[in-house]
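What follows is one chain in structure tokens, specifically the form predicted on its own.
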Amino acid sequence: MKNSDSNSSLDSRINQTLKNVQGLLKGRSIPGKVLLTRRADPPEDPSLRSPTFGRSFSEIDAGTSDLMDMSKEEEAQDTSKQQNNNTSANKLKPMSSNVEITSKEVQKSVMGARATDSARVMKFTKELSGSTVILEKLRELAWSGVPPYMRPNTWRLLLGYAPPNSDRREGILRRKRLEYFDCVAQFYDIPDTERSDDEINMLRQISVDCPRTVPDVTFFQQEQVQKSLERILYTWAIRHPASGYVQGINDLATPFLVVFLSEHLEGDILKWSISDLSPDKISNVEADCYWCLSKLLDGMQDHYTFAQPGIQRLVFKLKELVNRIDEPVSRHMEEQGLEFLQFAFRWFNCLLIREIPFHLVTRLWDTYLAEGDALPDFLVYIFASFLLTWSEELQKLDFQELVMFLQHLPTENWTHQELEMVLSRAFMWHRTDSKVPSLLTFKYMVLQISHNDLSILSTENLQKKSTTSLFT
């Protein structure tokens, strides 16, 4: 009798779970808007496809000529809701990838996406222009992506490098930059005769690694860029003797360098020339990169100390999580003798910078920095979502094929849409796991069934703190 009651209770929970997830996919469990992803914009728009960090994109977003009134925005939302309702009868079947979309529907989707972008820009503007920035609100906004021209100030604030109080901000940044300049003069701008053998070897390793950093982006091959990286990395390593320089940290400096240079250089990063900037501007950019890199690594120092125990711990957690979410993939990898350390160590060491196109990295890092101190644990869910993007493909490969596939993942044509899917799944799995861990496997099954339906949801909706739990 007890077994019967238990089975009945489990069935009831599963049925309720399915209803909750379906309600989420219809937009019913999320307060506020059902947002279209930004990639609804035409793919021909170079500001969305190319690694451009200039002001042209932000001006389009924030310009008064492109700001829609509320009636138009509501019309776009109604359109998306109506499209959701039309497909609700088929929620338990994967949606066909070759569904025909009329030009009228495309126009409405574009309109909805742009209205959303404009609304988010206004929210960022309001938050950043206050006398004191409320960091929790800024984190909520930044989690779903930061408008490019607002990214430098937002990142400085999220990392605690710049203070929330606007009256103190300029003075503190000036003081921290001067402190960096003093460190460079003290540790870097000295002859080798004043360095220890270990310091000489470390500087030599950094000078070897800098030209290898992001080799597919020509900007990083400029000699002056590599010198800036070298100064940043060597100064950081000298001031953090517990870890010193570890290969991979050079990758972590690149998003900061690009973002802070974007305040001074416009257009496509492939056309940037750092020699166009004055030495003072380059020095300030270097200082900001140094301090923000330091703030980031302060939260994960054991990732880079001897034997890198922090990374090993997270790789173990990733293996355990993948086993709970997708046991067939986990079992197949184990049967083939593939260890997670063989591929996931680099993921944690370089935070996926080497695994995705570089023009997507800053968007991914918006979410990283918004997570704050919780980032290391949340990385496990992001990387599980990233890995299981290829669940079916992985189960067909033998050991050698698995190694080759995971070392050269087919992400070269990824757009923001694929990245948003990875982040959305990661958020939903993390939220479910924190509430009802035993239901995470079933949640993955439901999400796989409705995989395509997730594209109508933006990560902004998924990460709202007020979102009702899926499994309450």
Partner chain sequence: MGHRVDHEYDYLFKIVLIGDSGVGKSNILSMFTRNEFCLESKSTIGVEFATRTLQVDGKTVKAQIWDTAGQERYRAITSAYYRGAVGALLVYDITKRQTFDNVQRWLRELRDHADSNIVIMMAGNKSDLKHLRAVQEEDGHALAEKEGLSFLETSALEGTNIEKAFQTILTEIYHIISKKALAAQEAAATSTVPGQGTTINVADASGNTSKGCCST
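Residue numbers count along the first chain shown, from 1. Everything numeric in this text was worked out from a predicted model, so none of it was measured.
In what follows, reference is made to the form predicted together with the partner chain, a form of this protein that is not presented.
For the residues 166, 391, 153, 305, the 4.5 Å heavy atom test against the partner chain in the model of the complex is passed only by 305. Comment: the partner chain is not present in this chain, but in the model of the complex one of 222, 186, 247, 294 has a heavy atom within 4.5 Å of it, namely 247. Put simply, residue 216 is close to the partner chain in the model of the complex: some heavy atom of it is within 4.5 Å. In the model of the complex, at least one heavy atom of residue 398 sits within 4.5 Å of a heavy atom of the partner chain. Though the partner is left out of this view, residue 243 does reach within 4.5 Å of the partner chain in the model of the complex, counting heavy atoms only. When contacts are judged by a 4.5 Å heavy atom cut-off, residue 354 counts as touching the partner chain in the model of the complex. From the list 338-346, 145-153, 264-272, 172-180, the contact stretch for the partner chain in the model of the complex under a 4.5 Å heavy atom rule is 338-346. Residues 201, 204, 205, 208 are the members of 189-208 with a non-hydrogen atom no more than 4.5 angstroms from the partner chain in the model of the complex.
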